[in-house]
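In structure tokens, the next block holds one chain alone, the form predicted on its own.
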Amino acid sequence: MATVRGLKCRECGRPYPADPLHVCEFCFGPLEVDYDYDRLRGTLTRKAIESGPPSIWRYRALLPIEGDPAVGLHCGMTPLVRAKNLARALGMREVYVKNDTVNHPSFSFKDRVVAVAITKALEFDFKVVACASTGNLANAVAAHAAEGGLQSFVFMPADLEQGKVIGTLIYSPTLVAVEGNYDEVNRLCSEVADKYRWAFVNINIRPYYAEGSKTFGYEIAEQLGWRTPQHIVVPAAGGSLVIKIWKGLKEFERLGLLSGPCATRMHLAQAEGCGPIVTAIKENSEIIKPVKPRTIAKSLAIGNPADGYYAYKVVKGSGGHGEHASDDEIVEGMKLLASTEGIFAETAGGVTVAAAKRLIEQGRIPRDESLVLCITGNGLKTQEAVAPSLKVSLQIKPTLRSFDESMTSHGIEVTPRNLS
């Protein structure tokens, strides 16, 4: 069933064909995919979705592709973990972790958006795909391009974590390390995109690419039994993820797929060293002031977020709020999630946990309400951030006596498991 009418400007509403375009030529507003929801109402049912593949493509009717998906057939449907231990640590009644640290194939939520983008690039008959990235997108583009048989060019800041550099190079792209921050990389890519006819997933393919993030929200609602939580905390770099999760939830509501109205409050999490959207939220200002990133959360280090204004509007419109996290809090957030739920998140996950902790302590997220934390990438990619705070507990000789003496000298006792 063809459900995509074309593109339309988010600002002036002017229609465009479903081509590789991303900016309105009249008002310079961003373009987004325009769906024919009337054709879906009554035909896209819970049963139809549940009978689909265990991947993002179970929501294919709400994604902007025309034929069969070309890549990412095992992407999505990641666990929604009932995080009872973390809830206890935070003093909350009901906490869930949407765990995209195990997303296929490159272990971040970016696999969702890139699976859609690469499929669309192949439909448009592009031969080369490219991106500007802070790491996770580079991994996903290189991996999915390899699967789709496309040549890929990946542009990233030269100082990114080795886990993300290696996690890109293994797929044999052309990796361009740029001596500058992400905003400078992105400006360069805009010039490259003007000269070369490539599918830049976060430029000319952006309207289609961004739609993949909706599946994050779809899965939360479906995995909660076709209901929405009272609160969701989302990490932000460019700001697109929170917008698309919200859009996905509202689409489900519009199509009658939810068990009740969507009353979720969307909260934004950013690092103190790069948090222009959260700053605007706190100041009640629609003006997103660019900053120079200074944070260990490099995957969120976008100082001039392209979708900052729209992310601000979603958070405010839903009744949510935003919070920053210091570098120390980011590390502690990563360790808390790992020690309570056995989930090793990258620095963005530490930002989410730390910001949520602040919001709970402020009373903005009541302790007796339901909360979903969006954990978007795997901690094996950012080991440098936590390595200095971790150490070997005991170093002993290979004897029982050495072990016993070391346990005693370090005051380590074995405590019974708390089953309450």
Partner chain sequence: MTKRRVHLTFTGKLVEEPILWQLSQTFDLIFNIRQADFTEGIGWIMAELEGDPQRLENGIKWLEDRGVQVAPIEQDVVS
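Because the structure is a prediction, the values reported are computed rather than measured. Residue numbers count along the first chain shown, from 1. In this text, rigid core is short for the largest set of C-alphas that superpose within 1.5 Å between two forms.
The same protein also exists as the form predicted in complex with its partner chain; that form is not shown, yet it is the one meant from here on.
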With a 4.5 Å heavy atom cut-off to its partner chain in the predicted complex, the contacting stretch among 252 to 260, 125 to 133, 320 to 328, 72 to 80 is 125 to 133
Checking 88, 294, 197, 289 against its partner chain in the predicted complex, the residue with a non-hydrogen atom inside 4.5 angstroms turns out to be 289
Answer key, its partner chain contact in the predicted complex at 4.5 Å (heavy atoms) among 210, 243, 95, 185: the residue is 185
Is it the case that residue 202, even though its partner is missing from this view, gets within 4.5 Å of its partner chain in the predicted complex, heavy atoms only? yes
State yes or no: in the predicted complex, is some non-hydrogen atom of residue 172 no more than 4.5 angstroms from a non-hydrogen atom of its partner chain? no
Exercise for review: Indicate whether residue 306 is a 4.5 Å heavy atom neighbour of its partner chain in the predicted complex.
Suggested key: yes
Residue 380 near its partner chain in the predicted complex, any heavy atom under 4.5 Å? no
Taking its partner chain in the predicted complex and a 4.5 Å non-hydrogen atom cutoff, the residues of 6 to 29 making contact are 11, 22, 23, 25, 26, 27, 28, 29
#### Entry: C-alpha of residue 328 off by 2 Å or more between this form and the one not shown on rigid core
no
Notebook entry, point to check: So with the core overlaid, does the Cα of residue 159 end up 2 Å or more away between this form and the one not shown?
Noted result: yes
